[in-house]
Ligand SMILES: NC(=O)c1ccc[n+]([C@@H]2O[C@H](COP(=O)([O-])OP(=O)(O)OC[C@H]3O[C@@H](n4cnc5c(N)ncnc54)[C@H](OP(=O)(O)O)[C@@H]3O)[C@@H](O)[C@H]2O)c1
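In structure tokens, one chain follows: the form predicted on its own.
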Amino acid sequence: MRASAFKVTGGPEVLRLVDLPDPEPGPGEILIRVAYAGVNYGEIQHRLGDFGEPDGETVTGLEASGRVAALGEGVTGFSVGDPVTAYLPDGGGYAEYAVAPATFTFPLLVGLDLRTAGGAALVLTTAYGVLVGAARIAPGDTVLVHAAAGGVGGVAAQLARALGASEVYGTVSTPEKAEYARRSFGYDEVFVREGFPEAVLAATSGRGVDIVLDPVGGPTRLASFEVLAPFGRVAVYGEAARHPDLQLPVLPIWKNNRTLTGYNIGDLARRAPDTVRTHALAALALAASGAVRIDVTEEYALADTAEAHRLLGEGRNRGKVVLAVGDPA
């Protein structure tokens, strides 16, 4: 099979088109003939070595859509040829065939096509999980989403609204991204990130917000505590800016009625896979119903994976980026 792989860590140029043996599904696994694969910041981290050094030719890719090619021992509820979308905790999506745990493989619901579904399983599950599991969203909450124009940010705004949020705000890096996010995802307001605390407090008449979703880190994370309403929560689910870890004092959290919480889908997939599946099914149902829209704005060929990574790594992406891997039919 053809795959985009790397055998040394480094910049986008380490990704190369290679020929690898077709994988085989083990017990409890499904082999997928991949049609589309989502491109995510987690895969940039994989390529950079954040998940450890590669062992030979390594294929990343944390979500994909396609059709069932084979079933591993013990798998029921699927047939060869079924269209599916899958979260791939061990990677493998940047290839013509990928093996997925049956627990994290989902039938394609009416209302979702394979192209959209290729960028759905990770971003929808992450956005739903950070809102429901980590931030414990409740009807009437106000929400601020950093990286509001990205793949997770765009669906997080819509999911927050579907889950009862009264107001949803966002921050982005440029005025152009602010206009895109405001137009595309139904934010009440989107601010350029520099100086966002003053803008958020002004928009909320000084009260602040109940939830901040932060995949950025560094100074953005630290400043997010300034905009929390009483019992507000900063929910961390990434470190896109690659700043050194913060050293947070606890006393201000106590004295100002603040909460810091975190979400990591990889850890949850290992320790609570049924929770990941529950979140994924709920989020996919909302997308299939039309309540949440995934905006696929860029499509690259498998041979051009490095260019897709360069786009994300330089922060030039908007909405969702996917790789066209195989024939959807």
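These figures come from a predicted structure and were not determined experimentally. Position 1 is the first residue in the sequence shown; the rest follow in order.
We do not show the form predicted in complex with the named molecule, though everything after this point is about it.
This chain is drawn without the named molecule; in the predicted bound form, the residue among S289, T261, N264, T297 with a heavy atom within 4.5 Å of it is N264. Proximity to the named molecule in the predicted bound form, defined as a heavy atom within 4.5 Å, holds among A240, V132, A203, L108 only for A240.
A residue is said to contact a partner when one of its heavy atoms sits within 4.5 Å of a partner heavy atom; T103 fails this definition for the named molecule in the predicted bound form, lying far away. Proximity of V216 to the named molecule in the predicted bound form falls within the 4.5 Å heavy atom cutoff. Proximity of T85 to the named molecule in the predicted bound form falls outside the 4.5 Å heavy atom cutoff.
Proximity of G150 to the named molecule in the predicted bound form: non-hydrogen atoms within 4.5 Å are present. In the predicted bound form, every residue of the candidate spot (Y41, Q45 and G315) has a heavy atom lying within 4.5 Å of the named molecule. Of the stretches 118-126, 93-101, 158-166, 194-202, only 118-126 has residues with a heavy atom within 4.5 Å of the named molecule in the predicted bound form. If you take 166-196 and check each residue for a heavy atom within 4.5 Å of the named molecule in the predicted bound form, you get T171, V172, S173, K177, R193, in sequence order.
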